[in-house]
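What follows are structure tokens for two forms of the same protein chain, given separately as structure 1 and structure 2.
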Structure 1
């Protein structure tokens, strides 16, 4: 029976993957720790590893996996920025991901963040739990007739654009790979930054777009803009963002990701002293709403992730075409 070392697992991973893996004849070792150079030894004796968004599939990790005879890294996520793809190619290690599990889930969460920071429902809820029904300070803005800038027009970005159109918003889009059959109105990034009342990010993190939202790009935005990020934390320079929030640049910011999330996300840190100043500031501003990388987290998404991940392994073992390989 082929064995897979699953890193950074939670109870919902065990529930979803256990039954399916047994049906397909695979033995899964569920490991709570993230995959790092310090924990990679736990993969010894397995035929594959399976990683999530905050695992570190770096060159040293890949070299160790190669020594263990592991030829495939399974990613139970769409993003692959955690993997040193150059080193994987050098070692002949295949990297297989889940490119699309439920784009609607992520797009819908982005809109939920938008509505929350705009209409301040998080603040209103906290007040009413204490029987404070004062609405002073909770004023939002009507989205109908405003302009939404969608950065990245893959499956998630297109669905987000469609939902925003349903609000009556004017949609402009930016992508280095334009889908000219989509009906979207594409503009250059600087124009999108300057004209948008709402900006929502739906692009993968690459070396080229790391910190694409920084003090210079923020300066090009309208005062009172709303910024939403459900993609990757590295798209935004956190310190530049916080400086702009402090200066009153943003009406609101909705984040499902952040730069240092691998140190905190998917774990309960409520009983610890938070020493990270940036995280303290993010949590402290009323016009920033942070969720813990949960945009994907729906029943439909998790089912699709489990199915595709194990089908990827099946295709690898059978020597079939690897349609979800990252090169």
Structure 2
């Protein structure tokens, strides 16, 4: 039976992957540690590793995997920034990923964040759990008739636009590649920033758009704008954002990602002293709502991730065409 060393295991991974791997005839060793040069020895005796966004598939790790005779790295996520692709290619190790699972999951979470910060349900909920039924300070705004700026009109952005249209919002969009069949009204980024009451980011993080939301772009936005980021933390200059929040620029900010997330996310840090000022401010401002990179986390997405990850392994073992190979 072929064996997979499964790193950074969470209880939900165990549940989802166990059944499917048994059906497909694979034996998974669930390891709670992240994959690092220190833990890679746990992969010895396996035929593949399976890793998530914070595992470190660096050159030293790949060299060890090669020594163990492991020829494939299965990523149970879309992003591959954790992998030294050059080294993997040099060693002939295949890197297979899950390019798309459920764009609707992420778009719907963006809307959940939007309506949380707009209607202040996070504050209302905290009050009612203490039997405080005062609604002072909880006034929101109606989205119907307002303008939403969708930055990035790929799989997720298009669904977000469709949902926002359902609220009766006027949609304007910005993308470096316009999809002229989408029916979306494209504008330049500056126009989108200036006209939008809600701005939602759905672009990948690239060297070109790192910190695309910064002091200058924030200054171009309307006062009282709502900003939502479910894409990548690096799209926003956190310090510039926090300065603007402090100055009262935003009605609300909803974040599922943040610049320092690699240091903190996916672990319970509630018993530690949080010494990071930016994280403290993000948690402290009551018009910012941060979730810990959970936009993708639905039953449907997780099922699709497990299915594709193991199908990728099956195709590799069968010598079939690797449609999800990262090169």
Ligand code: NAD
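Predicted model, so just to flag it, every value in this text is computed and none were measured. Residue numbers count along the first chain shown, from 1. By rigid core we mean the largest C-alpha set that fits within 1.5 Å across both forms.
Structure, 1 versus 2, that is the form predicted in complex with nicotinamide-adenine-dinucleotide (NAD): Here the form predicted in complex with nicotinamide-adenine-dinucleotide (NAD) corresponds to structure 2.
Co-assignment to one rigid part between structures 1 and 2, residue 238 and residue 223: They share a rigid part.
Degrees turned by the smaller rigid part between structures 1 and 2: Relative rotation between the rigid parts: 12 degrees.
Core superposition result - C-alpha of residue 309, shift between structures 1 and 2, Å: For residue 309, the C-alpha ends up 2.4 Å from its position in the other form.
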